[in-house]
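Just the one chain here, the form predicted alone, laid out as structure tokens.
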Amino acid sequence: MTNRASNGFHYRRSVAEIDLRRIENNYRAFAALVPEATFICPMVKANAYGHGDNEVAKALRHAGAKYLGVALVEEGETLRRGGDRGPVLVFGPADMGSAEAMLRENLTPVVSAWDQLEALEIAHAELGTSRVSLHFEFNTGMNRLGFEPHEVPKLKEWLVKMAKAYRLDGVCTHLFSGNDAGEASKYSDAQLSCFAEIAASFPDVIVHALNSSGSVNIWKRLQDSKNVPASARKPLGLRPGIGIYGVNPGNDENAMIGLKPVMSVKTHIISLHRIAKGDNVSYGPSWTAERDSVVGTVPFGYADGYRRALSNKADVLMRGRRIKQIGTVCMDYFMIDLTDLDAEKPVKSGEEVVLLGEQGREQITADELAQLAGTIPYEILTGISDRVTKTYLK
């Protein structure tokens, strides 16, 4: 096992520990759902959901991922600078500048609008690059990005006209309610039915539509042979996102396929205060001691990604036990109630505190923190700031 920091310095003891072995485990869990040749494109956008894009990309390639997906051209450039040379799909829109960057870096545009095609045409003419691989994205109900179904004939005409410069390798759409793909549903089935008609117009290309939850639900449904729509019988490519990082997508019980949380956030006690009954803690104040208490200060705050909305709601782990966070979360610190723990054995400065992850038999998940903060686990993970050094277990 190797534990390596993401940069050349590592002064703080507040770290996000990323288990790359679990990244590989989670990728293989998705790959096990589908036939070997099925397209799988794990998403590493948003700095790999806060986990570190270059390190995660290397782990995914090692696990067998041929394709990777990002949202921004800049994210694709980061992967190239990190040494990745495999296919990288860019799902975000491209203007003139970013179109040139995509072609220079041999990134694959996922095109969703005509102005993007125009930008690519100009960039291709100026740079004189070789034939460009494209994917088309279609809007089937998400109403976010994508060509409309009625634009298929015009797109086919464009492909014929531009055949020497461009090659269509795939078509895709995006499910907006992947959780319901496991049963006959008015949402996913309608989207997939619409998408099947679109895909039929583009034979012999990759067809992909399934996010983490949709991936698990559709393929379990196929295996169980339960009311499978004809639109789902043709192998649909997978684009797992949050599931790669070990979060049960959409809190979907059907999505339990052996996914393991990848990130742990750990810090330590830096200060202890013995306070009297009636004393206050932190700004506001929002917490008052109901007994003589021992208060510990933790050097982690909302500037690090520990949300202020968690004030007086969340637990942390110490000595394998749950400990209450108390008072308002500050920019750089928050406090915890150590009274009972200290009574058993005096707490010392420097003892480990786990904010996210496992300690002993206890566990705090991103989903738990998200529910307490009134948000989703995506925001918890991507919200861990650059002030927190990442270390990697290999």
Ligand SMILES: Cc1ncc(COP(=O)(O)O)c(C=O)c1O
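Since we're looking at a predicted model, the values are computed, not measured. Note that residue numbering begins at 1 and tracks the sequence as displayed.
The same protein has a further form, the form predicted in complex with the named molecule, not shown here; the description that follows concerns it.
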**Message:** in the model of the complex, does each of F39, N217 and G237 have a heavy atom within 4.5 Å of the named molecule?
**Reply:** no
**Request:** Decide whether N211 counts as a contact residue for the named molecule in the model of the complex under a heavy atom distance cut-off of 4.5 Å.
**Result:** yes
**Item:** Heavy atom of P261 within 4.5 Å of the named molecule in the model of the complex
**Value:** no
**Asked** Does L168 make contact with the named molecule in the model of the complex, using a 4.5 Å heavy atom cut-off?
**Response** no
**Prompt:** Is F147 close enough to touch the named molecule in the model of the complex, meaning at least one heavy atom pair within 4.5 Å?
**Reply:** no
**Asked** Looking at 332-340, 56-64, 43-51, 352-360, which lies within 4.5 angstroms of the named molecule in the model of the complex, counting heavy atoms?
**Response** 43-51
**Message:** If the cut-off is 4.5 angstroms on heavy atoms, which of these, F202, F91, W287, Y302, is the one near the named molecule in the model of the complex?
**Reply:** F91
**Proximity to the named molecule in the model of the complex, single hit among V207, A196, I242, V294 (heavy atom within 4.5 Å)** = I242
**Asked** Considering only 353-384, what residues come within 4.5 Å of the named molecule in the model of the complex, judged by heavy atoms?
**Response** Y378
